[in-house]
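In the block that follows, a single chain appears as structure tokens, in the form predicted on its own.
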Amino acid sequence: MKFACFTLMPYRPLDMAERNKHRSAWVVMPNSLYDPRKGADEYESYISQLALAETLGFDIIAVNEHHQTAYGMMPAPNLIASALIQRTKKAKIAVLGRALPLVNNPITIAEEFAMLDTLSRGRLIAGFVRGIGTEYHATGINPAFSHERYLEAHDLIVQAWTRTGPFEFEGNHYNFRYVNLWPRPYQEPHPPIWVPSQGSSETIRWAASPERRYPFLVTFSAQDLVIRYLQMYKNQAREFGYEASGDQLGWAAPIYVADTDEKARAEAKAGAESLFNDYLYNPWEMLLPPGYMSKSSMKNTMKMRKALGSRPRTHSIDSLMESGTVIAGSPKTVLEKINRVRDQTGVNILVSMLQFGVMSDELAIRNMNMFSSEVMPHLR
């Protein structure tokens, strides 16, 4: 397996009493609850944790993009990636991912990633996402065009990376007289592209297409759903006439390892419950604005959301562990849970979130050390 260390960079000093006076920690919660000095301390802590991951033997360090939220303080993940490139030498740097439909000039993403790939001498992994529904409230982009803009932006970026310029690009959403990328990516033909998702059937089919074969990462899902979605990708690949390899299959999950199951449950409790109840929760009208999803994908998402509960403060550490949405326990228990999914799917990429919610630096670093020394070697 390949192992990524990932954090959302949540704003941990958040006043939860004040937060719960608002519908969500996204978009509508006043930014007066953010203290820039405390935020600076948070960035320093998180970047240090991610840099430590290389020392501990992780193959990949992963960051991502969210806007106007305490859930994740990375509206510009390229800046965090650049900082990590300067503090690491070998680990891949994965931006999981950039929300393509949210920008009016995708060439800027092509340029950013080409710079990061060159600065890192070919260590970049490019994650392309549509962005969840709340991002469209934050940016004012019409969610009905999300899918179209995503596909068109992807095509423009890949062409910018691979075609000799200058050339013209004419689409329904993006039109450019001159596309002529300087600098070009370090990797040939371009950095690997990964596709994180929560199980959209359209996304699975598109990522598995023979001309792409992009690794597909299931995020924040119960274990049975992880297995189901990875099997959907494998079945789709077979329909296209090939067998998907384990390197095309990924799983992202909060993981916590301690000496015993009881200790792991106790130490992961505050982080896991705050992640799902306080930071991640969004009402339906914010999460799924009209036009954002097809009918079939909407049905799948509703099933998943129903399994996780539909109101704040309904997710206990016990329910999250029971569903496999959070993997916590002794090294033996964590290995068993991961191996269950690997045995049934062949998944070969594990994106481990080892700091989540309000979890302290002390617990996060202890977790990273336990996972890297007691779990990773057995899975390799």
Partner chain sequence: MSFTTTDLKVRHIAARQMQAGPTRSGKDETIVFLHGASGLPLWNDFFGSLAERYSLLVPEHPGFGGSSPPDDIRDIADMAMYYLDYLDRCTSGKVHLIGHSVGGWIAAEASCRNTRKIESLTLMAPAGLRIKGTPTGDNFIWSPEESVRNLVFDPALAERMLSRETSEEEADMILANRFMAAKLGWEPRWLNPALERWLHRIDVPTKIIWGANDNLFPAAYGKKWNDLIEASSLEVIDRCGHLPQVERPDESARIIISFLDGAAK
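Just so it is clear, the structure is predicted and the values come from calculations on it, not from any experiment. Residue numbers count along the first chain shown, from 1.
Heads up, the form predicted in complex with its partner chain isn't pictured, but that's what we're talking about next.
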(message) By the heavy atom within 4.5 Å rule, which residue out of Tyr136, Tyr279, Phe113, Tyr229 makes contact with its partner chain in the model of the complex?
(response) Tyr136
(message) If the cut-off is 4.5 angstroms on heavy atoms, which of these, Asn142, Gln159, Thr108, Ser245, is the one near its partner chain in the model of the complex?
(response) Asn142
(message) To test your reading of this chain, name the stretch in 36 to 44, 64 to 72, 317 to 325, 23 to 31 whose heavy atoms come within 4.5 Å of its partner chain in the model of the complex.
(response) 23 to 31
(request) Answer with yes or no whether Met298 is in contact with its partner chain in the model of the complex, where contact means some heavy atom within 4.5 Å. (result) yes
(request) Find out whether any non-hydrogen atom of Lys263 is located within 4.5 angstroms of its partner chain in the model of the complex, and reply yes or no. (result) no
(message) Considering non-hydrogen atoms and a 4.5 Å limit, does its partner chain approach Met286 in the model of the complex?
(response) yes
(message) Contact with its partner chain in the model of the complex for Pro210, defined as at least one heavy atom pair within 4.5 Å: yes or no?
(response) no
(request) Using the arrangement in the model of the complex, list in sequence order the residues of 41 to 67 with any heavy atom within 4.5 angstroms of its partner chain. (result) none
